[in-house]
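Below you will find one chain, with nothing else, as structure tokens; this is the form predicted on its own, and questions on how it binds or moves follow later.
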Amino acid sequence: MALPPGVSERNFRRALDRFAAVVGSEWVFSSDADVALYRDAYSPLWDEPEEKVASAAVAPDSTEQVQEIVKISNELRIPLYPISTGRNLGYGGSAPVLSGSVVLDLKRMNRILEVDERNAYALVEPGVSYFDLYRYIQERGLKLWIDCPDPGWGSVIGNALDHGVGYTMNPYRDHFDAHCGMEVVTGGGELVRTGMGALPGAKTWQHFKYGFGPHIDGMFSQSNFGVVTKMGIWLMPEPEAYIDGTVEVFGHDDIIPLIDHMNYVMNTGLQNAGTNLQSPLRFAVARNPELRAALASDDPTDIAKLNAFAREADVPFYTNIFKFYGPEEVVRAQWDYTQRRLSSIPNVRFREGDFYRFPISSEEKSSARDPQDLGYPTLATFSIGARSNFAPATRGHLGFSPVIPMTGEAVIESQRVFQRVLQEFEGDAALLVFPQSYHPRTLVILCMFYVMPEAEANQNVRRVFKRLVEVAAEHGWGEYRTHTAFMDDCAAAYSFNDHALLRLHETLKDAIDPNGILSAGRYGIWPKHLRDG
């Protein structure tokens, strides 16, 4: 057992006994077998001295119990690490940033407190998963959709607080942007409701985000200032229809007008969803060393070789799937307009995609190319880069995910820059995924790393990851979310004015959680007594 740093075994045992008096002894976990379940299954530090591990876990059933646990922890200086469902695989799972912390496991707080069909929102607790909310809606025949991330077993609250994203319409696919109103237990044990929830008996807590005065909800996302015990989430009214279509272009520089047109239809609202950019050519040349090396080159001769290969092999250099939700006549007109607008790109080719008129059956959803586009949660993502038939030797995966401008020039530059880093560090251990449009006006690049059973391989992954963070910062790109093993590295990259933002975060930490008991080190924010370390 790894004791919390600076805590005596006597005080630690006292804390566990007092936790048991609050939640019941069966909901306090301290045996080696139980604590092992809170290890990060995808940890790039697995079985190394630096691996982040818990000392124990406690699972409350109510907000009141959370408050009591936080108060006890303040008294005895026990560091806590709140998790929702603990399934944030690829980003740290349920393991704490500070080894020895007690995991505050909120999985028992799994109540769906309200779903309003007329105003399209839900009020949930942290243990509610996307599967849970989807089943609740389906069982009652409500004309509402959830927007789900890749793994449907994650927490609705947890994913939103970590700035997770999905695939349907704006604003639902940006999960924190779709939240409305929180209940929070602060580091001192105080209970706060944000937005209109601060008004006793409020009728619009899940309707109006701002309330009165400063809008502080963002302080509780990607932070360690409080424990969110309830949150509102806006749901998507079921559309009448869905249509998508693929645009294929065959030149290296065609990505520039392709994304310019994409920007226009997204920012004017003509396309109200994300898109799916890909580069089939990159996969087609993967086994050709000369052409693969050309991907990292800005030499016109190398670019000409790639363009020639695309033409001769009839392989698109780039593709993009445009998606539309709404009345059938409207979405068909939107797709027609998109084709007319993009027809100015030389040799562009269009392919008709899927069409659905809702409601559809579960069988149709599960057989869809991308079920998440239809608000249907799955676990299919774990067949990619996980412990699966596709990659049987791996322990899992993690991702480097910087944000770049939504321009073709930024895509070309970023792909070259990151491809060079991966080639420098034996890039076969990682897969550079083409940028995706999870948020308006920006693209997110994902570089997927395999987590291996061998420590040496994982050490190389960490070296490459840290180098990518440095190189990205040199080009003005920063991570929007990261694995717990790299939170300090990513926070350090946001260094304007001698890290003024981090210093502000630390000031807030000291005020809201003066004893520093909540999620020490999360997103690079350490309490004052641990900063020097």
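Start at 1 with the first residue shown and count on from there. Here the structure is a predicted model, which means the values were calculated and not measured.
FYI, the form predicted together with a further copy of the same chain isn't displayed, but the following is about it.
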**OP:** Can you check 99-107, 279-287, 454-462, 194-202 and let me know which stretch has heavy atoms within 4.5 Å of a further copy of the same chain in the predicted bound form?
**Re:** 194-202
**OP:** Evaluate Glu352 for contact with a further copy of the same chain in the predicted bound form, applying a 4.5 angstroms cut-off between non-hydrogen atoms, and reply yes or no.
**Re:** no
Original post:
Hey, in the predicted bound form, is Pro371 touching a further copy of the same chain, heavy atoms inside 4.5 Å?
Top reply: no
**OP:** Look up in the predicted bound form whether Ser221 has a non-hydrogen atom within 4.5 angstroms of a further copy of the same chain, and give yes or no.
**Re:** yes
Subject >> Touches a further copy of the same chain in the predicted bound form: Trp234 (any heavy atom, 4.5 Å) >> reply: yes
**OP:** Identify, from the list Ser362, Thr268, Ser343, Gln138, the residue with a heavy atom within 4.5 Å of a further copy of the same chain in the predicted bound form.
**Re:** Thr268
Subject >> Contact check for Tyr91, Ala294 and His397 against a further copy of the same chain in the predicted bound form, heavy atom at 4.5 Å >> reply: no
Subject >> Within 474-500, the residues that have a heavy atom no more than 4.5 Å from a further copy of the same chain in the predicted bound form >> reply: His475, Gly476, Trp477, Gly478, Glu479, Tyr480, Arg481, Thr482, Met487, Cys490, Ala491, Ala493, Tyr494, Ser495, Phe496, Asn497, Ala500
